[in-house]
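Below sits a lone chain in structure tokens, taken as the form predicted alone.
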């Protein structure tokens, strides 16, 4: 049985130490999530490096709404609704490219990359006083860009971009700061995977350190990490998980890297001598001391709620399709001004996220097995109590923090989810 949005009591389904299985299977809850989180909240859409030249475009999706990222002649980045203003036809079906205009294949209406209506066949039939400007492509109401990462909201009002990103913007900074030019490049192309699972399993899993020892045991054995005690706080792994607020979470490996004292542990243990041009460029940009810290700590492993995964040298995003289907995209994180790093990063992405890689196929399999189990309905609840007794506020940064195998990040995700969905349910119930 499903429920309407205004009759769902999310407080009864989400507790600090457990969540109800219907949250992954109820179609009414899924529709409410699309409206509340993906259509009225902020979501990741793309990166400015994907549209470097005037006329460049990339096709994306915000919830159920197809959109286009474009760069116009004035060098502005636009987010346009990918929908002809005549009869609603999907305007552009290409994944990306360069164009001066978009022409609807149905009746031939054409639009510029800035959204302006350019023309239509047999214009005189529209009558006197017709103004083409009234039928330009609609722009996404709100767009926020930080370090080239593009976020958008289909709602004209609501939480500001700055409030949404909050302190978690430093996670984006940490990625960009590994470039001697201070910019990342996401133009290598996106590969996609279809998961037969609920979308929430992806952000839950991606900053979960507890599953690695069992789900990814083959990777740990192949890299020798199993013997080093990686992802095992009982064997001394100092890595931590953090709640950044707003549903943003992090699995931070930097404490482990600092304990080793060896730079580039996040890059397969590459020696600095193997990357002389990169090190020289970084030191010229940031100084020797700051460069040493950055190549020691490495990139973030973090979720920007709801759909962006900063997976160290990989970037991943997704959009939900239904209660039991989600499409995930990934691309290597390339660093501007760092060709030595980028060449190897491409291969590292294949090993971590490709179809025959160590990580992604195993995560996909676990997510789909999870969905099959949840469809069985019993037992009703998912247990999330691990580490609840030892969470603490880190005095250095003021963030809720715990050990690498604890479920603090899962609880952080559900806490923010509850806040968003309860507010929306209350508004729906009041008729506002």
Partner chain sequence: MVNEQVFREVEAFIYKEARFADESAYDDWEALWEDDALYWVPTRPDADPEVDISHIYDNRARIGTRIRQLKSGFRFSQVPPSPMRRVVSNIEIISVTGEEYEVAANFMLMELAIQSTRDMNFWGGSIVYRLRRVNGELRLFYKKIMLVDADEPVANLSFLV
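Numbering follows the first chain given and starts at 1. What you see is a predicted model, and the numbers here were worked out from it, not measured in a lab.
Only in words, not in the display: the form predicted together with its partner chain, which the text now covers.
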Heavy atom of each of 43, 160 and 206 within 4.5 Å of its partner chain in the model of the complex
no
In the model of the complex, which of the listed residues (85, 225, 270, 357) lies with a heavy atom within 4.5 Å of its partner chain?
357
Heavy atom within 4.5 Å of its partner chain in the model of the complex - the one residue of 142, 146, 196, 294 that qualifies:
196
Proximity to its partner chain in the model of the complex (heavy atom, within 4.5 Å), stretch among 171-179, 298-306, 327-335, 254-262:
327-335
Please run the contact check for residue 283 against its partner chain in the model of the complex: heavy atoms, 4.5 angstroms, yes or no?
no
Residue 368: heavy atom within 4.5 Å of its partner chain in the model of the complex?
yes
Proximity of residue 323 to its partner chain in the model of the complex, heavy atoms at 4.5 Å:
no
Residue-level contact is defined here as any heavy atom of the residue lying within 4.5 Å of its partner chain in the model of the complex; does residue 90 satisfy this criterion?
no
Partner contacts in the model of the complex for 169-194 (non-hydrogen atom within 4.5 angstroms of its partner chain):
187, 188, 189, 190, 191, 192, 193, 194
